[in-house]
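What follows is a single chain, given as structure tokens, in the form predicted alone.
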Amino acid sequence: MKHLKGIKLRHRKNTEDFSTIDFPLPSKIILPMSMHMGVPCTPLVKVGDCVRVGEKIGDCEAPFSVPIHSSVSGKVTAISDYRNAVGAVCKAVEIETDGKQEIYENIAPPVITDRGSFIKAVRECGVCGLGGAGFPTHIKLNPKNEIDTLIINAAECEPYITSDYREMLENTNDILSGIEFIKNILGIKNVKIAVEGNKPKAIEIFEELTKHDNDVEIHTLPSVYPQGAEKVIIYNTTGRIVKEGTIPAEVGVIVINVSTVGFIYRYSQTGMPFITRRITVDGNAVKESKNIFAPVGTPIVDILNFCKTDIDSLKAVISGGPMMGMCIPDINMPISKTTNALLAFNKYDDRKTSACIRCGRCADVCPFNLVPAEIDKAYKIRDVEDLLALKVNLCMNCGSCTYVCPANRKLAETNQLAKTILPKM
């Protein structure tokens, strides 16, 4: 089957053989009420309240939202306005830890008897897409369309990041149990575990453990970025096309991140909501690169110090991968549910931007055959009609166009800005 276009990257998986270690309990955590796509939560606690591990401290009645739970036991010391890395403002709850890590007394495995109780449990656990986008998982697992294929996204195609890979090696049985659980509850016939070919150890383990299961296929993807993008992985595993303005469920597919699947199974057994995140910490300013489990809400500076980062030399800290990640404006900000990596650099590409030379490289590498140079031109003159004709809404911000541009033009960023001037669909 023909695969969509992409680019070859140096994967720099420096931490792939580093087992995940527990991060020491921080002195405080900060829990923004928006860590997911959708409506922010409202704090359920007030200053002075004592909370315990797993206790719900934020929620919202809107369907497109997920609750937030405390990852520590301690006292609420502040509730304030919080501005995230993209400038959006929400409330945040600050908790001073007491070192006891007392578990909330209502923590218990959920009672799941049918699809409805399953969807309710997934919402209550507070999980969202752990690949970075943060789409509420209970929405994804409750489509209106009939689903025949479940794709487990284990591509992890970004450089540096190995958090999903470590989940595959360290919690293989949880992943397979989670797949079976979801498949049976939702009545899905076929499962494809999609892994990039540069992870032979994970592929070998999954192939061995599923060799007698005719419903599960291990699909090896080429090591070409961006294999992990939702529409790309659907096409490259099934040949189905998710058209502009539609969602995967409309072609009979659900795509779910491999770490999300593993967590859902663990939650079904323990009842402990999503409060801890596996994170890859790497970059040329980091002296001791690691994979760590850290409480959600841990200040980034604490994690960087734990990994012996040269804070004074920092030029950039990225949450996520270098291609689609977000630069952090303040290292005192906390990690969120969607933080799968922290990359700290003391130098970066600071080439000057020059005029477009019409080489066409941006169009050559775009998986969706967009023409970023033309989108850039249309955006500058605010030509909405042309932007719609150029299908800018299809851009997934993979960054491939920016990466290959010899003029160092910020094409992927322009694509996202162009979307903001389009009429709401």
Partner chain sequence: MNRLIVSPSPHDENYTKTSDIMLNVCIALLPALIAGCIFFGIRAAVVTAVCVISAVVSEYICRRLMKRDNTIKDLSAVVTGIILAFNLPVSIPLWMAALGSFIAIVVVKQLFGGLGQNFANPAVTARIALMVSFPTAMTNWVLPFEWKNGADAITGATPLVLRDMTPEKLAEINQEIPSCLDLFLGNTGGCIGETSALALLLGGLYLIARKIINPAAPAAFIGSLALISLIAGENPLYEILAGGVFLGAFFMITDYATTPITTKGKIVFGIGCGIITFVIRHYASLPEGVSFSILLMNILTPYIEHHTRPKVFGAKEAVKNEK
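None of the values given here were measured: they were computed from a predicted structure. Residue numbers count along the first chain shown, from 1.
The same protein also has a form predicted together with its partner chain, omitted here; what follows describes it.
With a 4.5 Å cutoff on heavy atoms, residue 361 counts as touching its partner chain in the predicted complex. Its partner chain in the predicted complex is approached by residue 399, whose closest heavy atom lies within 4.5 angstroms of it.
Under a 4.5 angstroms non-hydrogen atom cutoff, its partner chain in the predicted complex has residue 357 among its neighbouring residues. In the predicted complex, its partner chain sits within 4.5 Å of a heavy atom belonging to residue 407. The chain is drawn here without its partner chain; in the predicted complex, the stretch among 334-342, 175-183, 314-322, 113-121 whose residues come within 4.5 Å of it by any heavy atom is 314-322. Think of it this way: in the predicted complex, its partner chain has a heavy atom of just one of 215, 244, 148, 98 within 4.5 Å, and the residue is 244.
When you look in the predicted complex, the only residue of 37, 370, 57, 60 with a non-hydrogen atom within 4.5 Å of its partner chain is 370. Along 202-239, a non-hydrogen atom within 4.5 Å of its partner chain in the predicted complex is carried by 231, 235, in order along the sequence.
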